[in-house]
Every structure is written in structure tokens, then in C-alpha cells.
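Only one chain is included here, represented as C-alpha cells and corresponding to the form predicted on its own.
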């Protein structure tokens, strides 16, 4: 295990690398440098520019590639790679055209959105962050790489590490939430999982960290929208996960759609060269997001030739789908708008990536049909997917210990998610066969066997509007609109009334979160709340299973539903994994990686905020002339790091081995954790630090470490965190990364709200 769950602050250090060889990636492998140098001497200008063109795969038919439009471009050396093509047969056919029919036989690179699994689909990234299990995150990426590479793919557009504090933005589902520390841990884990320890192995794939940068801060939570923030916020709160991926050795970086300091990211030299390469030492290649170069024209940056030149000068190497480089760079070179050195540099970076992947040595390295038959969607992979999914579910409420349910009597399984296998995997599961996903109904019935009866009613559609239904299902309405919502609810109530307990499976459908799925209303969609209300009126105990890719405003549900288990989207094995937790085979241990607001009006709401000069005291609602609302408290519905268990974990007092320190001394913080309940279980013990006085204002607390600990019922354990000045560092007003002496509050607890504090003085 290459991770320390306690501290990974080394990710956040900004180690400047100024040597040009380090910045360009031409140092370290003389053999590669000679090979690429010799190859480039043979290349024409057109062939060099062709390497910079990442082309959509279109509808390639095996055996007919050469005669297709794409095939002709490949033969002419006008394509460097293809995106979103899969299967060994298709990729081998296309690669054969490149290495046998083009002049210089340069292989193509094949990329795809392998986000949270390939055919074996794991929980969505936001759910994986809930596990606070770094090893599990790496394992999901490792298995995804094995399966994708077995199907011909050598490059993935993942991980997405954008910090997100606005759940209206649907792509929050693709990242690790609101915290830079947790996000940095996840970023490194995914990069190592995808890339392994040797990219030339045929079961590894190149990772691509995205979206650089700041994409998760889109104004109003509206996708592709404007972003504007200070450099201090960038460096302290949003940049760390990108930087962590670079330090982990990520092979490529994807630009974001938004502007940064008034310049779109794909044309932003400060972002792509000054920060990424000069400050962070990144030596891979930069690819745009889909048509991002062309889209700079809509930003008002000029015509396609102008923005293409802007992107190349900024440090972009690979143009995804715009063909701006392909069609305009030669003209821009003649007009002096770009240089030959800039074209050569971008070409070199693409060729280096292909070399590192072993494609020059064996262009068909990823085209082993035997692997495709034996290493994809295996029983072992699905077993692991089921186990990991159970670690991601977050128990939000469990009144009177309603959960876990006994396998007896008659159980009503009601709701639009109750029998919907196509929604189990979640967004961005493009390679998954949704028919292979385990539905909740299937999982429940297999779990109870003959010990209980599980009856089913749909109860309601996800949404009441067929038009909206089609928008969230790629143009096809999938609901049942032959009946009214009232009729469907009445049927569900009739079924549920005959049962001993009701399990309501509600929430968003898979594609209601993810790209281009922004929402202004974060309550349960459609008539789902009305369904819950009707089920409660039966007098039967109700368990709510919440499927979601973002925080939802479930204030009414928290007040009225006895038990709530947030299951996110758990992947291929969702039905089995949820049944494991609901019926007690597994004790839930997930913790929220993002704050749940009481209502949309509180957004953005996040735990590591700064104080105002007029802060409201804890547990107060309203105080005139202090920072608060008239109509709701400042508190979240559920704080960052929150999550219950079937058992009870009791925290002792926090003990520090020193009250005063100086310089590079280490501080040991120790707390006793006791499982004082009746079930064995795991708890995520979280360390937070507050810098009480700084040269710039500092957050009220920041996550700086965590440990996931399993304790048997009745067991106690002393847990220690080692704190060094590295955990105290931040970027000051001069953007210098350092720590300042003074008073610090150390806090340890089960979530960001409920912590045990202690104070220490630390001098330089």
C-alpha cells in the first residue's frame, strides 16, 4: 500500500521544477528521446500537425476502415488518436490501417471515458469518496484498467478531481466532493490504479486528470458556465487535487470548458504552462475537452484559426474533435502566429505518450482477444464491486434501530428505483451492459430466499413530465405515462398496506446527475415525495433508500421518514450490495464527502468556510446584525463527514503529547474510540485543524487526516495522528506555501461537526 491514510499533505507542496528538460519530458529516457527525435526528422509539417488531432471514432465498421473518411485521414497521417471506440476487433482493424498503410506507420492512441469501471461498474466517484477508503479507490481504477485494456483501450479521461461546493452542478457526481485533502487522496489513488507501476504493461492505461481548472465552481451550478475566483482560493482550495495527480505521475491533463481570469482554460497560458508545467513540473501532454478549442469562438476569443493558435501557444497539445489544429496551424505558422518549435513540442508530447504506452514496440499491445474473453466482467471483479459498494452507503437516519431489517414476514419494495437495473450503474457508465446490473428487486429476493416475501410496486415515475423524462434519458421517455401519478401511488399503497415493512427506493435517475444535468430544485423529483407521504400514512414502518449523484434537499424526509440510507449509485452489483446492508450482512460505514444543505438557498454550503466578522454562535438560529438567515438556521441538514452506523461509536477526550512545540517537532494527537453498540463495524475517524490567527483569514477547520478503523462490539482502541508543520502549511498572500507560528486547534471526531478539540501553541 503506497498510501498513508493519515497524512498526504506532501501532495500540496509546490516544488518548482525549472529545468526545461524536466518541463518538456525530454529528460530521463535517452532511448525514447533518440527514437522520437529520429522519427520527427522524417515527419512533414502536415504529419506533425496530424498527430495533434484527436478524432471522434464515428461509426467505424470492422473491415471497412481503409475506405472510410476516417481511414483516409489516418492513411494521410492526419489523425493522432481516436476517442470512444472499443472492442479489440475494431481497434485492431483501425490500428492496422495506421501502422501498415500510413507513410510513417505511427500508431494511434485510443481513449475512452472509463470513469468508475468498465463493464464491471463500481460506485460513482462521489460514492467512492464516501468510503474514505483510499485502497478501494485504487482497486476500482486498477480493475477498470484491466478490463478497458483487455478491450483495446489504452487511455482514459479520468479521474475528474474538480472540487465542488454547489450540488446544483450535476458533475459533482464525478468527483470526490468539496474537500481538497480528500480530493487529493482520491486523485493519487486513481492515477496509480489506472497507470500501475509501468505504463508499457498491457493491463495499464494512461490516466487523464480533469478538468483543469476550477470547473467545479461554475456560477449558479450551471454546466459550462463562467468561473471567477482569487488566486488564493485557487491555490488553497481548488488546485490541490490537480497537483496531487501531477505528483502521482499522471500522463495527461484535460482542459476545462470554463474561463480562468477571463481567458478560457484551453487558451490560458498561465494555467497550462506557467502553473502546470513551470510550477508543477508536469511532463505529459494536454488535451482539450470535446470541441473546447472551437468553443472559444463563442467565448469571444476570435475565429477558429485565432483560437487554435491561442491554444497551441498556451500549451495545449491534443485538439479533441475541433480539428482547429489540423485545419489552421499550417496557415498560422506561415503568418507567424505560431512557431515551428511550438508545433514540434506538442507533437513530441503526443509521440512520447505513445512510446510510454509501448505502442511503437507493439501497436497491437492492447488487442489480445484472449484477454477480452477472460478478463472483462469476471466473477471476481463483480465480487469486489459488491464488497466496495457496501462501503460507500451512508446511513443518514435510523430511528428506533429500524435497520437492519429481519428476513421475515412480508416486505414491500416500492418506488421508481425498486426494479430499474438500467439506473444502478449511475452516470458515465458507457461501456456497461445495463442488462447485467443487479436490480434492487433481484437483490432483495435473492437475499431473503424463502425466509420472507418481497412484493413490488413502482409507485411513481422518476418525473411527471414526459419531456423532462426524455431529456434525462438521451431523448427517450422511459416512464409509464398511461396512468396518472395518483393511480400509481394508490396501487403502491394497496400493495404496501398488506406488508410488515416498506422499503421506498427513490431519488434521481442515473442521468439526472452528471454532465449537462444541472438543477435548481434539489428536492426529490416528480411525485416521489407524495408517494412517501402516502406510504407513511399506512402506519407501516418506512425505510427510504436514496439514489442520488449529488446532495439533495431532503429536509421533510429527514423529519418524517424513520430510516434513510443514501446508496448513491452503487454500480453493477447495486442490488446485491444494498441488500447486504439493509439486511445486516454488512454494517454501513460511509461518510458524506460533501455537505447536504437544508434548502437550495444555503448554497454554496461547505464545512471549511471562513468566519465573518459577525459570526453566529453555535446552536443559535437568529441574532440581529449577525451573519444568519431569517427563515432557516445556518446549519446543514447533514455535515461533511457525517454518517451513522448500526452500532454506536464513542469518542474519548483528545490528548496531545505536547502543549507547546517549536520548528519541525512532531505532535501526537491520541483519542480512544470505543464500539459501545451491539454490532461489529467500521468508523472513519477524522482529524481537523484550525489555524487560529494567520496573515490571511483561515478556515474554521480543515480536514488533515483520517483513519478507517474496524472494531468489534465492545472493543476499544487508542488511535494516534502524527502532525508536523507540513499539515499547517497554506498559500499566503504572496502565494508562498508555508506555515505560520501561533495557536492551533486540533479536532478529532466522527464528522466535521461533532469533534473533540484541544489547543496547542506552535512556534518556529
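Positions refer to the first chain, counted from 1. Every value quoted in this text rests on a predicted model; they were computed, and no experiment measured them.
What comes next is about the form predicted together with a small molecule, which is not displayed.
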Non-hydrogen atoms within 4.5 angstroms of the small molecule in the model of the complex: do 83, 157 and 254 all have one?
yes
Select, from the options 74-82, 536-544, 208-216, 488-496, the stretch whose residues sit within 4.5 angstroms of the small molecule in the model of the complex by heavy atom distance.
208-216
Residue 462 within 4.5 Å of the small molecule in the model of the complex, heavy atoms:
no
Consider residue 458 of the chain shown here, and say whether it contacts the small molecule in the model of the complex, taking contact as heavy atoms within 4.5 Å.
no
Partner proximity in the model of the complex: residue 290 to the small molecule, non-hydrogen atom cutoff 4.5 Å:
yes
So in the model of the complex, is the small molecule close enough to residue 113 to count as touching (4.5 Å, heavy atoms)?
yes
Of 428, 132, 282, 194, the only residue with a heavy atom within 4.5 Å of the small molecule in the model of the complex is 428
Please identify the residue among 90, 171, 349, 165 with any heavy atom within 4.5 Å of the small molecule in the model of the complex.
171
